[in-house]
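There is one chain below, alone, in structure tokens, taken in the form predicted on its own.
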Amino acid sequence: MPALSLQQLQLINFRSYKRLTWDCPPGLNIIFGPNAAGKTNLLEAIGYLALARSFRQQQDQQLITWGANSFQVRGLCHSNGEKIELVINYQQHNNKKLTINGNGNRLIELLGIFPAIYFGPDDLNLLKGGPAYRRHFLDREISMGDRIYCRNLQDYRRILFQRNLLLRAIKAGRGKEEELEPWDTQLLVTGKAILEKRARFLQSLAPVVAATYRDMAGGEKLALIYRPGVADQEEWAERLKAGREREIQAGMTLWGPQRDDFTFTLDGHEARYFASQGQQRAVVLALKLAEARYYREILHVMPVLLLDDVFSELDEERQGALLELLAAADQAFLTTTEVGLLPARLRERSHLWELTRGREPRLTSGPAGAQ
């Protein structure tokens, strides 16, 4: 299996880093320091190389260092047996450019080169948050390994935007109902591809998530259930036709993948309502472990893992499951405020980096037995 790793990270005006150059070794890297030292910002920058967007659902403009009007993220990576330089430049007003090995490329060409999986405290929103959070998860994770899906998603959003404009125009008396028909056709064709891909993705994850959770939680039955906005294309077409007046009055498209959701049940009960805090963390952890294994199968490479202060929230058994995953990773980055609270067997296998605000990480020790 080809190794995947980030060899060097360079930042200019990204979050709290005006300038940073960091040589990143493969294997496990623990970044420790006080709150507000920039640990999460560092993980966010690494994750930005995967999708050219923030894993924290932040707008690009929010990533610029205070007082600047642009940022740059540069990564020298080892991917699929090749050394690849990725550079993403962002200027205010959404002017974003990608170069790969010095050549200009469309942003979509970034997908699949440097897959990374982020796991942080906010991921509890996968259970407790609204459907939009879970749709964002689906779109981000599927796009990372499927450029066709990403293109379909972009097309669908464009079609949806134009159709909603037309619905509002019809309501205001500036358009005619028959003008909706070509948009309906495009919506159904593009939306079908999105629905099918989401269904296959979740069907692939579901048994792995269930088995992983069962191993961690002593036999509780976890189920991952897809709840699409429409059951199939035929039903969707019928709803668009029968519900046209409702959509015109609402001024928006009421059916389709923009209404999709998925949920978890524990022993048949909705996890978001009945699971304890510890169970909720275990469910999200099981999802992240399953996701890593899924990408190892389809991309034939283990994604880089970005773990933001998660060990302190897990009991010993669940820490063990995460350690097992880390042992299979080519590279992982973990943050913590208290390095001494991490399992000793993890610290002994890791490079330890001390971080203070705005400074480059300082290596304090390496894995036991390393030269």
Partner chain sequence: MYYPEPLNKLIAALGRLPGIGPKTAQRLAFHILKVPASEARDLATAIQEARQKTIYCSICGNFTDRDPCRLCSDPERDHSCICVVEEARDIIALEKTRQYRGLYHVLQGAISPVDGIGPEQLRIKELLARLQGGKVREVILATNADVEGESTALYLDKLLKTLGVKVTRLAYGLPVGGDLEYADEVTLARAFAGRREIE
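Positions refer to the first chain, counted from 1. Quick caveat, the model's predicted, so the values are computed rather than measured.
Same protein, other form: the form predicted in complex with the partner chain, not shown, and the subject of what follows.
- When the partner chain is considered in the predicted complex, I84 lies well away from it, no heavy atom lying within 4.5 Å.
- At least one heavy atom of D155 is located within 4.5 Å of the partner chain in the predicted complex.
- For the chain shown alone, N125 is not a contact residue for the partner chain in the predicted complex, no non-hydrogen atom being within 4.5 angstroms.
- Mapping the unseen interface onto this chain, P182 counts among the residues with a heavy atom inside 4.5 Å of the partner chain in the predicted complex.
- The three marked residues, F161, L166 and Q186, each reach the partner chain in the predicted complex, with a heavy atom inside 4.5 Å.
- Picking from 145 to 153, 264 to 272, 224 to 232, 278 to 286 the stretch near the partner chain in the predicted complex, with a 4.5 Å limit on heavy atoms, gives 145 to 153.
- Note on contacts: among R106, K241, H300, H93, the single residue with a heavy atom within 4.5 Å of the partner chain in the predicted complex is R106.
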